[in-house]
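Quick heads-up: it's one chain on its own, the form predicted on its own, in structure tokens.
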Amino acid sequence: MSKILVAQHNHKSCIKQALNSAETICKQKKLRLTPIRKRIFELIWSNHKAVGAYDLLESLHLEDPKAKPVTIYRALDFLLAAGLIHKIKSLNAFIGCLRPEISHNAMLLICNVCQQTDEVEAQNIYQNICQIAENNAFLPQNISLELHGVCNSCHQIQEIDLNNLS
């Protein structure tokens, strides 16, 4: 029987670093990270899984029962425009950006089993897509790269489950 090695992740440190980065970026860009925008950002960063707007509203209702969907959508629009989060279009959900301090082209890897979402650099892929578009006299206006599959942890668990069946 195989053992699963799980890397320890200090998520409190992760959230703190993301929040510090967001505050710095907003100061540099002269943007207001209001308390509600900050709270929505924290809720998005509460784990590394995609979260939908209504899930955010439900979480916010625990703190402010009067919160409205428009509050969430305005905060999400701000966070997207500031480059602090990514929208996962296929899920109509959001995830925190791992590198908001630099302009970059990311690809999102989304596990269909645990919903964990990872962001990876994909500059070469974007360049190839743009070259193909240019070769076909097409001007891309929006490129979104999302891969759905099974993450390594879930794959290992599935292998262990299959081994236990034998």
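When you see a residue number, it is the position in the sequence shown, counting from 1. Only a predicted model underlies this, so the values are computations on that prediction, with no experimental measurement involved.
There is another form of this protein, the form predicted in complex with another copy of the chain, and it is not shown here; the text below is about that form.
When contacts are defined as a non-hydrogen atom within 4.5 Å, all of Ser144, Leu147 and Asn152 contact another copy of the chain in the model of the complex. A residue is said to contact a partner when one of its heavy atoms sits within 4.5 Å of a partner heavy atom; Val70 fails this definition for another copy of the chain in the model of the complex, lying far away. Although the partner is absent here, Ala137 sits close enough that one of its heavy atoms falls within 4.5 Å of another copy of the chain in the model of the complex.
In the model of the complex, another copy of the chain lies farther than 4.5 Å from every heavy atom of Ser46. Interface membership of Ile110, defined by any non-hydrogen atom within 4.5 Å of another copy of the chain in the model of the complex, is confirmed. Proximity to another copy of the chain in the model of the complex, taken as a non-hydrogen atom within 4.5 angstroms, holds for one residue of Ile129, Ile36, Leu60, Ala106, which is Ile129.
Only one listed stretch (119 to 127, 62 to 70, 46 to 54, 25 to 33) carries heavy atoms within 4.5 Å of another copy of the chain in the model of the complex, and that stretch is 119 to 127.
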